[in-house]
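Only one chain is shown below, in structure tokens, and it's the form predicted on its own.
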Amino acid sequence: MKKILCASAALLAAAALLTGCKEKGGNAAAKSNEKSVTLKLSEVHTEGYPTTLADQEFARLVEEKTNGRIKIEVYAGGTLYGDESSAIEALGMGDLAFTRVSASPVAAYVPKINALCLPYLYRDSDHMWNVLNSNIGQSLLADIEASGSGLIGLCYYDGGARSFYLTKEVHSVDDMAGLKIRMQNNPMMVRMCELLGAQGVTGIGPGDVMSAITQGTVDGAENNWPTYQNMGDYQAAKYYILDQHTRVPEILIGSKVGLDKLDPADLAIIKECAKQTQEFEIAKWKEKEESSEKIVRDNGNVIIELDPAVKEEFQTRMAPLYDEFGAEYKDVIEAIKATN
């Protein structure tokens, strides 16, 4: 993917980013703490979803800590940008201030982040959070800002464990052969499908997955319990294969082009507020995960828990993927595995 545009275009876009600026004094050269600034945040998930609630808490904290000088408008349900990759591109150009996205598409700009998303890497949720809160995860957040991509990594959110959901039963790797599965716009995720004998299909936004399954464009997709339920996909794909192949964290990211226009003290407040929302989102995530799983099970969907030997075969198939996408980051991968 292209790194981010020329300086002149970025400066023009940044002017559009800082919408609704109003001088409290009459002086055009007034300091930033005398201005009211409204920034936009794009979220593909719907109102009430854990990450959306965290976005809104982030907006509340920023407004509170800046005494109302900085307001953040949260656009949920993909109303501003329908897919995460487009929102990331808008950040780089300065057309958008913030977005909450999966770590997976961010790896297109900072490839090292792929190390966080490798299949069957984490033992459980606690292991993942110990990694993300350690120097490993925090260094990768800093790498986003240092990458020259025009992005600023603010904090991680929980995205749960992702599993396949399909219109057909799967009890072995052989059952995956020939299936067309909607995947995130990430080469590593597509490769994961290929190694299982399936075809990874990209370019389908979260809001279009259900119709793609219904129309037969794909045989299914993969995601966590809340997305499977919340987007209505569970009504189109009745089989949830509980393989928990990845735990891909979510990341709240900002536009360096736009946020660098703020007073450094205000940017520090924004970063601190983002960090404060992490535990808030984790708690909301656990609540939603439990309620979503109950809704799906009560609906009569078939939940398939793979036999240990079968799951081990799924894991074994990933060996080439680790060589292809993790060879440069073996130190990170080993550090993740060694984390308690």
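Remember, it's a predicted structure, so these values are computed and weren't measured experimentally. All residue numbers refer to positions in the sequence shown, first residue = 1.
What comes next is about the form predicted together with ligand BDP, which is not displayed.
Indicate whether the candidate residues Arg100, Arg182 and Asn223 are all in contact with ligand BDP in the predicted complex, with contact defined as any heavy atom within 4.5 Å. Yes, the whole candidate spot contacts ligand BDP.
Heavy atoms within 4.5 Å of ligand BDP in the predicted complex: which stretch in 116 to 124, 262 to 270, 224 to 232, 186 to 194 meets that? Selected stretch: 224 to 232.
Which residue among Asp219, Glu84, Asp243, Asp95 has a heavy atom within 4.5 angstroms of ligand BDP in the predicted complex? So the residue touching ligand BDP in the predicted complex, by this definition, is Glu84.
Pro206, Gly200, Gly153, Gly150: which sits within 4.5 Å of ligand BDP in the predicted complex by any heavy atom? Contact check passes for Pro206.
Verify the contact flag for Arg247: yes if a non-hydrogen atom of it lies within 4.5 Å of a non-hydrogen atom of ligand BDP in the predicted complex, no if not. Answer no; every heavy atom of Arg247 is more than 4.5 Å from ligand BDP in the predicted complex.
Taking any heavy atom pair closer than or equal to 4.5 Å as contact, tell me whether Lys288 reaches ligand BDP in the predicted complex. No, Lys288 is distant from the partner.
Test of understanding: in the predicted complex, would His45 fall inside 4.5 Å of ligand BDP by heavy atoms? Contact with ligand BDP, yes.
Verify the contact flag for Arg162: yes if a non-hydrogen atom of it lies within 4.5 Å of a non-hydrogen atom of ligand BDP in the predicted complex, no if not. Yes - in the predicted complex, heavy atoms of Arg162 and ligand BDP come within 4.5 Å of each other.
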